[in-house]
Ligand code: LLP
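Presented as structure tokens, the chain that follows is alone, the form predicted alone.
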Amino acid sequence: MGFERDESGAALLGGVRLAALFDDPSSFGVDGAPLSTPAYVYDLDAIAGEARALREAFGGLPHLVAFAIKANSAGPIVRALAAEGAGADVVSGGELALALACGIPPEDVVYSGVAKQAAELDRAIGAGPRGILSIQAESIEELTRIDERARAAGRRARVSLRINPGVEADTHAYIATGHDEAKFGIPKAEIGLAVERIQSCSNVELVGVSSHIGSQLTTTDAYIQAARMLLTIASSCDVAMTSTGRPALTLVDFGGGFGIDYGQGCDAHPADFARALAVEVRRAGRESCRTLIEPGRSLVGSHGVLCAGVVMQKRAKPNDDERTWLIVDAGMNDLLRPALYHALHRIEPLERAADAGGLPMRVVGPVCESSDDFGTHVLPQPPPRRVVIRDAGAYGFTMASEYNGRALPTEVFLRGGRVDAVIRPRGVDAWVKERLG
């Protein structure tokens, strides 16, 4: 269902009137203390629907949709996706433990990242009967470390080579990962050396190759270019492995990065990537391999919002140029993307839609940084009591902090028109007690 407005103009998410959620939370099944802003609200039904649609786009091709937990690590969301058959792409020992605790089998987990600690590798190698599906090795040096940890555990670790394909993605520089200057992955020129290193490792089994060129991709062009290159590399690795009596690859992981519409449009939908990828996989004759993708933002981004209370309006007239600010109780500590990436999220009134008589206002938060700025938005006069910051379901709470001694935001999870779960912050008093030492 996602975000929409009813006949009165009130904001809805998952069929729930967001203003009523804060004014009368008990009517939606919320027990205990009232809900306060800032608060993230998520539509679990819509998130599950995104995963279902993406899986169906593969047709009969063997595949795994491995949710990138870094996009949103909330347990209710991970469990909802696991119920739809999704696996997990994790980048830390904590994310791995969360995925397993949410019911995702080790066989459906891949582990990425350039700086896996020994204890984290041990957890990945020791999970389940055979360890996780694949540890994505990001360097030749890491292969030796994985082999040592597997030997100590008395196991064989399944690994994939994360390849840096040297493909430039049309996205923000901070979230482009497939170019030659990125810290991620093994350069194409060193793949042969990586294969030789694996052949000298007795406790490592090469099961696949992977790549990830970046995030917020709005067309399939660069993604498919990298996919074709990865499929060629997979064939070369097959030859190298089987020539020494080792098994051929069993998976190819094409990464994620599928974009969403933040209000400026998005030409390609996640299913478009899956369908185009399926064509390339079949063309390369790899139908028997398991095709992996690692979507994060595209599953959750559009189906989460950040609700904020309006603190006050401020007007100033420097040099006869009147300026208006709307100061809200959500800041860059709650949603970092605008400060970090200059991202622009749509901001609208919670109670009713903005009308033609609205006033352009600079929406800012309470954090003592000039970067605590959500951009200019047209909002009604007088200003609303609350606003909704749209498309905040990805890289919102997971990047939140307690900077300036501010509590983390509440998280509310909707299902079937009611509140399914609430995760409340520990509060400022707990922060003060911890900082006292």
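The structure displayed is predicted, hence computed values, not measured ones. All residue numbers refer to positions in the sequence shown, first residue = 1.
This next part talks about the form predicted together with the named molecule, which is not shown.
S.K.: Is Q216 one of the residues lying within 4.5 Å of the named molecule in the predicted complex, judged by heavy atom distances?
M.R.: Yes - in the predicted complex, heavy atoms of Q216 and the named molecule come within 4.5 Å of each other.
S.K.: Might E294 be said to contact the named molecule in the predicted complex, defining contact as any heavy atom within 4.5 Å?
M.R.: Yes, contact at 4.5 Å.
S.K.: Would M399 sit within 4.5 Å of the named molecule in the predicted complex, counting heavy atoms only?
M.R.: Residue-level check for M399: yes, a contact with the named molecule.
S.K.: Is there a heavy atom of R337 no more than 4.5 Å from a heavy atom of the named molecule in the predicted complex?
M.R.: Answer yes; at least one heavy atom of R337 falls within 4.5 Å of the named molecule in the predicted complex.
S.K.: Using a 4.5 Å heavy atom cut-off, which stretch among 231 to 239, 276 to 284, 257 to 265, 199 to 207 contacts the named molecule in the predicted complex?
M.R.: Heavy-atom contact with the partner occurs in 257 to 265.
S.K.: Exactly one residue in A392, A68, I47, V412 has a non-hydrogen atom within 4.5 Å of the named molecule in the predicted complex; which is it?
M.R.: For this set of options, the contacting one is A68.
S.K.: Taking N333, D372 and R406 as the candidate spot, are all three within 4.5 angstroms of the named molecule in the predicted complex by heavy atoms?
M.R.: Per the other structure, none of N333, D372 and R406 touch the named molecule.
S.K.: Can you tell me which residues in 115 to 146 come within 4.5 angstroms of the named molecule in the predicted complex, by heavy atoms?
M.R.: If the 4.5 Å heavy-atom criterion is applied to the named molecule in the predicted complex, 115 to 146 yields nothing.
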